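Here we start with a single chain on its own, the form predicted on its own, put down as structure tokens.
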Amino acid sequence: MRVDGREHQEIRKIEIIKDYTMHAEGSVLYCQGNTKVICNATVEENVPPYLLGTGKGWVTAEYAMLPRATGTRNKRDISKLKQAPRSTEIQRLIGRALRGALDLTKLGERSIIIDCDVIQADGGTRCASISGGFLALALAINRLMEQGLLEENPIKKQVAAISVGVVNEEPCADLCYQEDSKADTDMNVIMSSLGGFIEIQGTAEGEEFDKKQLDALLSLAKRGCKKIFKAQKKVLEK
């Protein structure tokens, strides 16, 4: 058994509150275990200059961890007068992942910005931001459809992400912080509901991992993402 009593293949409990904020075109509070992220989608009727006249839309993201999301107070990026490299890397990852879910030509020349704010962190914050960010994106697009601003839904597939790793020589799914901090291998896997991999980030923190362990981790990721897809679909069908 793991530190929180789960089996090795078991992911943490997923809780999602739809329309969590009142102003955003799409909004959810996405919780996976003790990790909680507010994901808001904003629609803007413009695109980056290099996309003007192409007929294509754009999806981008911003990510932040609020000061008491962790055990000690984390300073806001604005207090340091620059964005933390970790935040920059994660928001680029979120944007890449979510753009892959859409046919950008069907979105038209408009942008959707996904803001992911971690209010409580217990491992897997970037993965929770992607899984929740997809929901915020889908809800914003549903609103555009309802308003008659889109004739066809540009979403091609769902997108979800999960962390996996080797802890005490055992492949495990959906690592909490206590596991993540001591894992021999830490990996983030982003998948589509069509069964393909969008991005895989894996690092051996201690001993290197072999092909057998890699296959086991990817298998755990597939199982975990299927459960996230099911939870997403349930929210979108409400």
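Residue numbers here begin at 1 and follow the sequence given. Because the structure is a prediction, the values reported are computed rather than measured.
The following text describes the form predicted in complex with another copy of the chain, which does not appear among the structures shown.
- Contact with another copy of the chain, judged by heavy atoms within 4.5 Å in the model of the complex, is confined among 67-75, 144-152, 128-136, 163-171 to 67-75.
- Remark: R96 counts among the residues lining another copy of the chain in the model of the complex, judged by a heavy atom distance of 4.5 Å or less.
- Looking at P49, you'd find every heavy atom of it more than 4.5 angstroms from another copy of the chain in the model of the complex.
- With a 4.5 Å cutoff on heavy atoms, G55 does not count as touching another copy of the chain in the model of the complex; it lies far away.
- Another copy of the chain is not shown here, and in the model of the complex it never comes within 4.5 Å of any heavy atom of S181.
- Only one of V59, A41, V28, L175 comes within 4.5 Å of another copy of the chain in the model of the complex through a heavy atom, and that residue is A41.
- Along 9-30, residues Y20, T21, M22, H23, A24, E25 each place a heavy atom within 4.5 Å of another copy of the chain in the model of the complex.
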